[in-house]
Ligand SMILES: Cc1cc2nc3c(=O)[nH]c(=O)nc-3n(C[C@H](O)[C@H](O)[C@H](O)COP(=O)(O)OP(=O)(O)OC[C@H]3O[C@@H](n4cnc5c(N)ncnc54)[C@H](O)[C@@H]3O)c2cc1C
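One chain is shown next in structure tokens, namely the form predicted on its own.
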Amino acid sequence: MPEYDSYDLIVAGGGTAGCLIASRIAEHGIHPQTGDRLRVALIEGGPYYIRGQAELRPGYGVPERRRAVVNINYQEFRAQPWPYDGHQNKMVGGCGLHWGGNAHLPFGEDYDHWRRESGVDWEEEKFQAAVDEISQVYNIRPSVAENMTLGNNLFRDAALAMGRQPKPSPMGRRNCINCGYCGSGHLCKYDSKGSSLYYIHQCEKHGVKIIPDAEIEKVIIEKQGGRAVARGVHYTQYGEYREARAPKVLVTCGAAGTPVLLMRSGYGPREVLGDRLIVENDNIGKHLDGDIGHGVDALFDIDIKDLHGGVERYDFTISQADLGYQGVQIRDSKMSAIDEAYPHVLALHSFAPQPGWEHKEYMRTVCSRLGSIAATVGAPIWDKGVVTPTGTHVYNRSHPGILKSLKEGTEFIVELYDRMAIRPIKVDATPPKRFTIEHQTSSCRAGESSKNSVVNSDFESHNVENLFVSSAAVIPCGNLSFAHIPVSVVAAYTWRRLVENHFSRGA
């Protein structure tokens, strides 16, 4: 008897991409030689909160999940500590939408940037079926007009006066009760925000073996002559060292976890791995990208927000042709829900008076009077960052080109405030001196060859047979459309390519 479990496909990483791809391949794929149903294993390092629920209904939530996910910020919640840089939830299903459920599908410019960055053949038309799937599953709809606040409308009208065309930000929510706890990255205990909930249910329905609390130690890569072949994974579960084998292995551990796992498996840059190197690819852990933004706060002398309601937004994109093929998105990031302004943060804000009666009066009303507009740089040309073997993000946090864009964005926002029918009484117009990357992507990107990427346009490793990679790691550069929905769209495209090329009759 073998000392390992055997499957047709192992999916390493049970977050957004992993759950989506595993469920759909189990549903639509077959063994290419026999036509039999596939044996698919989904291995995740975190817990499995919603195991075996008979009915998973967005807007109602799951009792086990409600006990763990109350109205707290995703940065504060850790079912298990995420050991690497970046904001992730280590559990089956991974992160859902946050910040009110904002759900931008990839823009046309995103596909252009991806192709231009690394040579992928990802044209918008090829992704239409994936876009349709994610639009339906995440229930992506325009913002609800009746949820717009005075602050939202001040932003909209000022942008129109400047010749811009702001559009309501699309949202991915279903059966939302407008409790008001949507912004500032709050998790939703009712599962109203778009998440992997549907795909988890489909995993259960189509026989995927979900293996939780299982830390993957490495992908098993064997050398055969001049070839390298993926054979399975080693992982630790409940203190016991285990092995699983499969003729196909898909790594979906996000922008930080994916390069860490591959380097831990002996696959990566020679200069990093040294004598631990099995297969060389200098792009693993390189090209780290994502959203880079700066918010400009303003204080009004009247209430611009409601006490309750959703987090609706307007946004638009301005081009920065002088800095390459990039854009700066302007969005009314905190002009709606009152929960987006934390009292403990506002108490120490630069707008706050010294402690005393004046400060007490300021705190009584500031949550509904303070707003913020953000400038986010998307898809820039710059020297990018690196993910180290320990998951640390290393990059130039004061890159002059990026700071120039953020400074110009700050100036644009100040002018936007000046055009408002009700102008703020205070504006913090200080541009940033440093920045951080959010919604990280591109650390094991897809591209035309191993000279500039890790996998090809069909998510197949350039260097290791039977090894595939998806998740945020493969997106060639940062998006104008943020990350979660593009990651989901890319995952929905991934399973289609894998089924056609590897899990259909005669593939």
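Numbers for residues come from their place in the sequence shown, where the first is 1. In this text the structure is predicted, and so the values were computed from the model without any measurement. If you superpose the two forms and keep the largest set of C-alpha atoms that fall within 1.5 Å, you have the rigid core.
Beyond what is shown, the protein has a form predicted together with the ligand; the following relates to that form.
Although the partner is absent here, A214 is a contact residue: one of its heavy atoms lies within 4.5 angstroms of the ligand in the model of the complex.
Of the heavy atoms in G94, some are within 4.5 Å of the ligand in the model of the complex. Shown alone here, Y111 lies farther than 4.5 Å from the ligand in the model of the complex, counting heavy atoms only. In the model of the complex, the ligand sits within 4.5 Å of a heavy atom of G45. N89 is the sole member of S143, Q202, T149, N89 with a non-hydrogen atom within 4.5 Å of the ligand in the model of the complex. With the partner omitted here, the residue from G185, G295, G391, G385 that has a non-hydrogen atom within 4.5 angstroms of the ligand in the model of the complex is G185. For the three marked residues, A158, Y314 and G378, no heavy atom of any sits within 4.5 Å of the ligand in the model of the complex.
Per the 4.5 Å heavy atom criterion, the ligand in the model of the complex is contacted by stretch 250 to 258, the sole one of 344 to 352, 418 to 426, 250 to 258, 369 to 377.
Residues S481, F482, A483, H484, I485, V487 are the ones in 473 to 506 with at least one heavy atom within 4.5 Å of the ligand in the model of the complex, listed in sequence order.
Relative to the superposed rigid core, L416 undergoes a CA displacement smaller than 2 Å between the shown form and the other one. For H287, a C-alpha deviation below 2 angstroms is recorded between the shown form and the other one after rigid-core alignment. Taking 2 Å as the criterion, P170 does not count as shifted between the shown form and the other one: its C-alpha moves by less than this amount when the rigid core is aligned. In the model of the complex, the Cα atoms of H98 and G15 sit 3 Å or more nearer to each other than they do here.
Relative to this form, the distance between the C-alpha atoms of V260 and W99 is reduced by at least 3 angstroms in the model of the complex.
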